[in-house]
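One chain follows as structure tokens, the form predicted on its own.
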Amino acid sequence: MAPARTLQLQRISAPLVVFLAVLSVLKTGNCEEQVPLILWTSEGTSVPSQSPPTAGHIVGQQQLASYLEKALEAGPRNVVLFLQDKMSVEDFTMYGGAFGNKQDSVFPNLEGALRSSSSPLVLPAVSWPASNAVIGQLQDQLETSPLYMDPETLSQLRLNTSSPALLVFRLPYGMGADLMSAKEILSGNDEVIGQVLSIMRTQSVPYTAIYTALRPSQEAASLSVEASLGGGRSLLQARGGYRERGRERERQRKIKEKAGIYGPVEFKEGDNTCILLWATGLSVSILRSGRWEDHNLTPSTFGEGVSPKLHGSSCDKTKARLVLNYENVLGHRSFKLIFAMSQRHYQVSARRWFTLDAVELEYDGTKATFNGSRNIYAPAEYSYRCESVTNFRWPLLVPRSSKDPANQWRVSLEDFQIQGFNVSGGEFSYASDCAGFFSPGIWMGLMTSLLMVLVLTYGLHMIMQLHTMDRFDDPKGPAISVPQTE
């Protein structure tokens, strides 16, 4: 038995042995807070190798950015990012065929890519907030927007080495009542990786590939094991009951919303309210395959009994930041809608004004930014209100640049009101409306009045041009004779 195991280890490439060995010594207690990250380059591409961290060390966001920067400085700048919803080291130790633990590995394409790469980089423990920021870090280093693709779309795309590209392939991860479901999904993801790498080879374009996840899967795996052993049956039943009660609360909330007006979103710093937000409609849309996909955020933000998640929000005397956190928005597990405001003194008007500097969308590590400071502003002691704030119909929000991902998004705020400073008593201050003083109705009235004044002036001018006769008939005297021959 021992010689057979030794022979099997000899068949595994050196990078893969190091990778699986590091995975085997990690502590189980830390797996719930970290995800692995694997980086490799295309066959025939030579880049300087980087030393992986010591066993048990968790790579943070700054250290991960340093690894990526060094890899992209010397390696290809066409990046293929395989971003899985969930992944933990147990997925490799259970299904990767490590040390004879499993006879059939579900990662043949990944293992083949690691064998062919001259300098693969394996980071077994990356904090999942850092892995969430991978897209943003790559976007900043490559100075290009991410392209979310699938193998069919990639086969129609023509890449070149002169301009960098960031290609993102989202991979699913699901856990059912059967442990084999995870194995089948991982095997399917590996097939997708193989298809993508095959297409890249046919185009003869060197690339840098990264395989990581947004969240660890340890928690989901533990629940599945518990369910398979029979200990999780009551827990799953209870969770089902929670869902039923949740649907009932949602139905009651909608009934109450139809009957009355709900309150604004309120963020407090200590016991004092410092930011208020209200709208009758809040929705976002993304452009995919030539059509817009909409998602209504109003039920998750406003309403009786609705408490939106505001972690990340902050406020002080000069800056305010309201962060609305959502889940599962248009296929993005993590989604944030951020309102960034500031106030300062303007010497021209001799008073303080506050502006809505930016409206930001953060989703799975990508950031889309709309500038709003040119159109959305009000005196510092007032709130700001507008019937419609959008970036596509009479836009008040403008994408930061032509390459910003905001060009693929639409944001719509109906009957919008916001105040980030000088909030008193938890209520909005006097509202400065976006409609100017000279509304269309006022302009129409002014133009009509001006036309009438011009007509009256012309009439008075014509009347003033009339001259009276200098001679009149005297009934007692001779008649005036007017010669007809002249």
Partner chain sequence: MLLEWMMNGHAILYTGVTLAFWSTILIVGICYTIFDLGFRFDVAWFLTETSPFMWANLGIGLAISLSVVGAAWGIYITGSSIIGGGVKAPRIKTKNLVSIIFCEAVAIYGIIMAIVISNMAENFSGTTPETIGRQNYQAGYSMFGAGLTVGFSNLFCGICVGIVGSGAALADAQNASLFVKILIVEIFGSAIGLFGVIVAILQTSKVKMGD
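Positions refer to the first chain, counted from 1. These numbers were taken from a predicted model, which means no experiment stands behind them.
Keep in mind that the form predicted together with the partner chain is missing from the display, and what follows is about it.
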{"item": "Close approach of Glu427 to the partner chain in the predicted bound form, 4.5 Å, heavy atom", "value": "no"}
{"item": "Partner contact for Ala55 in the predicted bound form: the partner chain, 4.5 angstroms, heavy atom", "value": "no"}
{"item": "Proximity of Thr45 to the partner chain in the predicted bound form, heavy atoms at 4.5 Å", "value": "no"}
{"item": "Partner proximity in the predicted bound form: Tyr262 to the partner chain, non-hydrogen atom cutoff 4.5 Å", "value": "no"}
{"item": "Option touching the partner chain, based on a heavy atom within 4.5 Å in the predicted bound form, out of Pro206, Gly281, Gly136, Pro379", "value": "Pro379"}
{"item": "Partner-facing stretch of 416-424, 452-460, 66-74, 37-45, counted where any non-hydrogen atom is within 4.5 angstroms of the partner chain in the predicted bound form", "value": "452-460"}
{"item": "Interface residues of 346-365 toward the partner chain, as seen in the predicted bound form [heavy atoms, 4.5 Å]", "value": "Arg351, Trp353"}
